[in-house]
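So this first bit is one chain, no partners, the form predicted alone, shown in C-alpha cells.
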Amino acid sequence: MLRRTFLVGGLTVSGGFLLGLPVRSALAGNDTASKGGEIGFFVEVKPDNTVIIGVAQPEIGQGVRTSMPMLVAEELDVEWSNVTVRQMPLGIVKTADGYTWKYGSQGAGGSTAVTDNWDFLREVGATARQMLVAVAASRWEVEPGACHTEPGEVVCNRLGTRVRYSDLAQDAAKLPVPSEKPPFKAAADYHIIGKPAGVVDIRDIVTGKARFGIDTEVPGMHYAVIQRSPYLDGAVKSFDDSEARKVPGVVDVFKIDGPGPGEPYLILASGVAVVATSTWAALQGRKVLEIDWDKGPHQNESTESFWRQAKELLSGQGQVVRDDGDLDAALAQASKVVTARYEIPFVNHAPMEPQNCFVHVEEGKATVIAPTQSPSGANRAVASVTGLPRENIEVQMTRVGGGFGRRLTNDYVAEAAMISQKIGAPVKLQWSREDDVRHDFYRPSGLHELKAGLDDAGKVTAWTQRLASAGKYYRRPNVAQEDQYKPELYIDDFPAQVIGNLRTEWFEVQSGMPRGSWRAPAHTANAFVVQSFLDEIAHASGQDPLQLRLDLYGQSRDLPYGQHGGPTYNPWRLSRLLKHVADRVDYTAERPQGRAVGIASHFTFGGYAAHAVEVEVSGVGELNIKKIVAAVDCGIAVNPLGVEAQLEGGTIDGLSTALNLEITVENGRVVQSNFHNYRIARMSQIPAALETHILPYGDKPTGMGEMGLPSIAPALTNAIYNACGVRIRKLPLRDQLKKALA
C-alpha cells in the first residue's frame, strides 16, 4: 500500500484532530480523506489538549497496550501523563486484490509487535506533529523550520510565542497528509521511549474493571460448554441427552463434528454442546450426558510408545536439513567424541484464563468478542463456519488472560460460531480448566541426539543434531512434507556457521497429539539441548563452560539468519550477556560442597538472553534454587519496566516448565486434567533473589515476550550437575535428583 493511503487526517465530532488510516474508498483508489468517525484512528487530540492513542495489537500480558502507544506519543511530542489508550477492533478491508489491513498488521505472536511497528507508529506520531507545526507556522507567517514542539505545544522562539495542539486541531484536520515521511526524533531527545512506564490499565486490572473475554456479557446471550472427545481424533457414536435436558436452564443439546483424522483443524475435537441460560446450568447439563465414543485411530498411543518410536527412528536415517563441511570425516579424525540424548515432553499452555468466546451470527453478519492473539484468524474461522464475507464479521479484542501461543489458533472461536449459528442467538462458549489441559495444541515433544568431535586442543570441529519429534506443522494445510521440520529445527541457529562441519537431521514421529506454537516455540527445546551439550563438552574435555562459549561465540560479526528473527544474528552479543550474568552471580567464587552455578544463553526471535543460576543440592536430592540472574539484549528497550517484567515472567515460566511440567498419554487419552497433576511452580520453588538486567544494543527494538524463557532450563540443569554430578537430560526435573542420589 502507498503511504498516502495509510495516513489521513480528520476531525472528530468534538472538534479534536485525528490522524490515522483511510476509509475503504481510499483503499479502493479514492483519495478522499475521512472527516468523521467511520473508522478508528490512531491519534485523537482532544479540545482539552489530552490525547487518545489507539493500539491495534491484542494485549496478552506482553505490554503492547503500553509500549506501542509510547512510540506514537514520543514522535507526536506529548506528555505521557496526558495520554489515554483505546483498544482498536480488527480492521480489514476488501480491495480488488483481496483483503488488506486497515490499521496495519494486528496480532500477537513471535515477539513481533514492537519490532514490526517501530517505524510505522513513530511515523504516525511524527506526521501528526508535522501537520500541527504546519498550521502554527502558517498562522504566524513563518517557515515551519522556525518552529519546534514541546510536549503538547508548537513553539516559535523567534516570535516568543507558543500554541497548544488542541488550538490547532481543526485547521490541522483540513490539511492533506504530507507526501514525504517526516524526520524522526534523535534518540537523545526521547522523553518517553526508553523511560519506565507502568501498565496503562493497571488500576483497572487490580480493581477488577479490566475487560477479559471471560467477562463478556451481552443482553439475551446464551451460555455453552462442550463435552469433547477424550480420545485423540475420537468421535461421537451416539449420546443420550435426556438427563441433561432436565437440568433447569438447559435449552439445547446437540453434536459438534470435528475434523476427521488427518484433516486440518478448524476445531480440535468432535463432541456434544450444551447450551443454557447460564454457564453453571450448561456445566451441570454436561455432567449428566451419556456419550458412547468412537475411540478413533490413536487409541493405542501412549507416552511410552512415543519414546519407543523416536528411539527406533534415530537408529536409521532422517531428513538432512543442513549439511556443512564434511561431518563424517571430521568425526573420524576427532581426538574425542561426545554424545548425548535429551528428551523434551509435550506441555500445555495453561493460560490463567481458559478459552472462551462470544459470537453472534446474524443474517448477513456476525460479531465476535474474543481473547485472541490472532483477530484475523478469528475472522477467518467465523467465515469458514458461516460462509459470511469477512468484511461483515466484526472482531472485538479484549485483554487476554495469557496466550503463550495457544490463542494463535482460533478453534474455540469456530466452536462458538457453530453454536451461535445452530441456535440462532448470541452465545458465549466457556472452557473449563479440564477442557484446556486435555484439549490443546501442545508444545511438540522430541528426542534429540547430539554428537560433537573435538581436536587435541579441545576445539569443537564437528557437530550434529538429530531430532525425532512430532512436528508443529502437523495437519497444517499447504505445508509440503519436506518443510515439516522447519518449526522444529532452526537451521541457522548456533552453532551453525560457527562450527564448519555440521549436520542437522530430522525424523518425524507419528502421533495423534495436536501440536502448536508454545512460548518461544522450538527455542525452548533447542536451547536446553544445545546449552546442556556445551556443558557436557566442556566437562568431557576439561574446559571451563563459560570460556568454551566465549571462544565459540567469537568476535562481533553479523551472520546470515534465514528464520524468524533474522536476517542476521551476532553470537558475540551472547558473550557480553554471559559475562554480565557470570559477574553478577560471582561465577568464579569457591562454594561449599553441594552448591554451584550454571550458565546458558540463547538467541530467540531477534533478541538475546542469558541466565546464571546458583543452586544447592542436598545429599538426598533436595533442590534449593538460591539465586537467578537474567540479562537481555533486546536492542533499545522501549519500556524498560515492561522488558523487566517479561524477562522475569519468561524466567519463571521456563523454570516452572523445567521443574514440573509434562503432558502424558495413555490409551489415546491425555492423562493430566488440572493443576493437581499439571503442577505449575509454587512460590516456594522460585528464589527471592531473582535479578533482571537490560543491556541495550543499537537503536532498534526487538520483542520480549519469548526471549527470557529458553536459557533458564539449561542454566538450571548445568548448575545441578556442577553441584552434585547428576546430569539432567530429560525434562521435567521432578524427582530425578532424589532417585539418582537415593
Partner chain sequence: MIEFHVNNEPVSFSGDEDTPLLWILRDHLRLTGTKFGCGIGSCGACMVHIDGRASKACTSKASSVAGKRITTIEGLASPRGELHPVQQAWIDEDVPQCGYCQGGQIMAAVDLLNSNPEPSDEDIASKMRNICRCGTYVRIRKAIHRASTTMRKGT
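Residue numbers count along the first chain shown, from 1. Because the structure is a prediction, the values reported are computed rather than measured.
The same protein also has a form predicted together with the partner chain, omitted here; what follows describes it.
- Within 4.5 Å of the partner chain in the predicted bound form, a heavy atom is found for not a single one of W307, K486 and S532.
- Stretch 58-66 is the answer when you ask which of 42-50, 712-720, 58-66, 695-703 has residues with heavy atoms within 4.5 Å of the partner chain in the predicted bound form.
- Remark: R203 counts among the residues lining the partner chain in the predicted bound form, judged by a heavy atom distance of 4.5 Å or less.
- Taking the partner from the other structure, the partner chain in the predicted bound form has a heavy atom within 4.5 Å of a heavy atom of F212.
- Using a 4.5 angstroms threshold between heavy atoms, Y608 stays clear of the partner chain in the predicted bound form.
- For the chain shown alone, A462 is not a contact residue for the partner chain in the predicted bound form, no non-hydrogen atom being within 4.5 angstroms.
- Shown without its partner, this chain lists Q227, N570, T504, Q430 as candidates; in the predicted bound form, only Q430 has a non-hydrogen atom within 4.5 angstroms of the partner chain.
- Of the residues given (P354, G234, G471, G598), P354 alone sits with a heavy atom within 4.5 Å of the partner chain in the predicted bound form.
- Residues of 624-663 placing a heavy atom within 4.5 Å of the partner chain in the predicted bound form, in sequence order: L641, E644, A645, Q646, E648, G649, I652, D653.
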